[in-house]
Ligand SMILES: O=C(O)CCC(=O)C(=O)O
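What follows is a single chain, given as structure tokens, in the form predicted on its own.
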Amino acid sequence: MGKVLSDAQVAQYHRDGFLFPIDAFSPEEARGFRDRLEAFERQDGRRFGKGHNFKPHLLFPWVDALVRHPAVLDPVEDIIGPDIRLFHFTIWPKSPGDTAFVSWHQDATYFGLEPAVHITAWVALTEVPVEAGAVEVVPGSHRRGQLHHAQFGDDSNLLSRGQTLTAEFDRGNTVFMTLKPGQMSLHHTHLIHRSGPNLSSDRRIGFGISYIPTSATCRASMRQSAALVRGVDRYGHFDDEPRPLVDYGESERAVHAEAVARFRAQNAEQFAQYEAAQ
């Protein structure tokens, strides 16, 4: 028995490659997080999207607090252990009627992490029914390991490189991970998944938080940074990321810019190596 997950739930995660729903925050707490995000949008004069959506825990103390919250980290610890770094983090907002989608893919494709033990905690700040673009997964597909992807240009695809799975897979038994505000899901880095456009009447806002055990390494030639969010790091494979002190401060923006630049360089390098190996 783990901190919050039962032995049966842990076994289910390892069998299926995903687990949901997990109650993390109350609907009122989720609404508070949404209000903070939308208050910044009004101040900044644009919707949260490309530019802020990578590693926002480095820009906003309230986001930093969320990714370190025991309600999020306890189930993650039950899967990958007590010493945890946050490797990457993406916010996926979809407006009502927006054509934005996420193509079929595996998270591990361009991360360059060894071993492939990265886990994504997807925390919903809004209602996420099927029609809002809930994440759709292929149960057990993580057991196939890394599959072939190709890059496709599509402005509506939220994935930065439009990476899309080209290998054949069975779509006959997919599952939609529908969530209520404050609930979260967990999924394995090799799980095949996607999400469609938001056809509901409200925004669809979720935090995709990528956690790794501190023992994991990254193949990138440029050393990467990652936030130590729980436990201790006995390995030193990543540079530490400092915690933000104020919302969107000058120092916070500088730290964020450097961390994102490193990640983008790593991502490009892994993409080039991946393509060369095909």
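Start at 1 with the first residue shown and count on from there. In this text the structure is predicted, and so the values were computed from the model without any measurement.
Note that the form predicted together with the ligand isn't included here; everything after this is about it.
K.L.:
Can you pick the stretch from 120 to 128, 75 to 83, 166 to 174, 140 to 148 whose heavy atoms fall within 4.5 Å of the ligand in the model of the complex?
P.N.:
Only one stretch passes the 4.5 Å heavy-atom test: 120 to 128.
K.L.:
Just checking whether Ser195 would be counted as a contact of the ligand in the model of the complex - the rule being heavy atoms within 4.5 angstroms.
P.N.:
Answer yes; at least one heavy atom of Ser195 falls within 4.5 Å of the ligand in the model of the complex.
K.L.:
Using a 4.5 Å heavy atom cut-off, state whether Val102 contacts the ligand in the model of the complex.
P.N.:
Residue-level check for Val102: yes, a contact with the ligand.
K.L.:
Quick one: does Val135 come within 4.5 Å of the ligand in the model of the complex, counting heavy atoms only?
P.N.:
Although the ligand is absent here, Val135 would touch it in the model of the complex, with heavy atoms inside 4.5 Å.
K.L.:
Looking at the partner-bound form in the model of the complex, is Trp92 within 4.5 Å of the ligand by any heavy atom?
P.N.:
Contact check for Trp92: yes, within 4.5 Å of the ligand in the model of the complex.
K.L.:
Should the three residues Glu38, Lys55 and Arg203 be counted as contacting the ligand in the model of the complex, with contact defined as a heavy atom within 4.5 Å for each?
P.N.:
No residue of the spot touches the ligand in the model of the complex.
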